[in-house]
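Below: one protein chain in two forms, given as structure tokens, structure 1 then structure 2.
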Structure 1
Amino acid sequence: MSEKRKQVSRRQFLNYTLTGVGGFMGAAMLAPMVRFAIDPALQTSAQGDFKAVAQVDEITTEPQRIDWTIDQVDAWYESEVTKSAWVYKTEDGDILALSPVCKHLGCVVTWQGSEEYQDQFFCPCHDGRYYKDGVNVPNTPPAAALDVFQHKVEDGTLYLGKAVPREEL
């Protein structure tokens, strides 16, 4: 017995070929979009990294500004970014590292920046004020306390991480 083979018509051949090529082209166009959407979730975060900024024995009870640099990567562009913090020892001996960024408009606050308000952080943009512990003074423009840097002490060295709002502590 001979088997009768089913012949593929010209129309079916073109249909299969165009469907395959169209599917391949669609996948080729869709792959970068899927990668763009998923890639940030797969990247490791460098925000949790701690950086050595000062020796603990150099920190006093008076807030002092400490600057340090980090390597920042934005897509393919790498740069060094300077970060700052107001660091001091509390009466309990604990270390408190406050972000210098005002919660009102993002200006930079300074310690004793106003002759009128001593022993307070002062924001010159709209006369915003914070107490020494970073809590905002009532009836002044900032609506929230200064962010606090995550920190740790190892071998007498202070390491600072990312700044987090006080609600997340």
Structure 2
Amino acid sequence: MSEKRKQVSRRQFLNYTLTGVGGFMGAAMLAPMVRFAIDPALQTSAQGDFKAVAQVDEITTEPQRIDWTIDQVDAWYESEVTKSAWVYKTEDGDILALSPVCKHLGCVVTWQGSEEYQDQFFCPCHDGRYYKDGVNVPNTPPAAALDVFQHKVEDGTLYLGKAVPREEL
């Protein structure tokens, strides 16, 4: 404690208490509203279910576009949404299911989508390109390889789950 007693004037004291009480009331009022507003950011993302999308023997070494639908729950709105993947067998016999969503700005890529680049995925929005294994071609806009769908094979049927970035595989 300092020797000089610090004088708090009546006006200062009132200022402090009023600011404190006012701040407390304001915070009590705003806290639920802010929590309410930021709720979507705090929701845990649902683990994507695996869906049967194709028979394994239909899959070749050439990427084919496979579409399937999932039941999407968007808050109070439920609907069926079509998902797509480019699926093929790699040289060692594994199945690779690539997400068609371009890693540049989210447009949709197509296998052999450009006449000029026959063995590549092509994005028409900004001419982004990927090699067959989904790795982005250097010096085109995308900065990362295409996402890969989690997959499993049961009784000759291919099931696909969520698309995850390469690093997380």
Partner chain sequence: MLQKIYDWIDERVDITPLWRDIADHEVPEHVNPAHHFSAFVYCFGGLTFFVTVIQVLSGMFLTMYYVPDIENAWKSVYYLQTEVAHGQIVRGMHHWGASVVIVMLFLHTLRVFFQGAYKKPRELNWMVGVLIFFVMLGLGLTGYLLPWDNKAYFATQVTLEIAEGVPFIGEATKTLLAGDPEIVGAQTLTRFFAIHVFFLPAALFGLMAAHFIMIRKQGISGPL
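Residue numbering: sequential along structure 1, first residue numbered 1. Note that the rigid core is defined as the largest set of C-alphas that superpose within 1.5 Å between two forms. Here the structure is a predicted model, which means the values were calculated and not measured.
Peer 1: Assuming the other structure does not fit, state which one is the form predicted alone.
Peer 2: Looking at both, the form predicted alone is number 1.
Peer 1: For Arg35, decide whether the Cα shift between structures 1 and 2 is 2 Å or greater, given a superposition on the rigid core.
Peer 2: Yes.
Peer 1: Please say whether, between structures 1 and 2, the C-alpha of Val153 moves by 2 Å or more once the core is aligned.
Peer 2: No, Val153 moves less than 2 Å.
Peer 1: Would you tell me if Gly106 moves between structures 1 and 2 by 2 Å or more at its C-alpha, with the rigid core held superposed?
Peer 2: No, the C-alpha position differs by under 2 Å between structures 1 and 2.
Peer 1: After superposition on the rigid core, what is the displacement of the C-alpha atom of Asn15 between structures 1 and 2, in Å?
Peer 2: The shift comes out to 26.1 Å.
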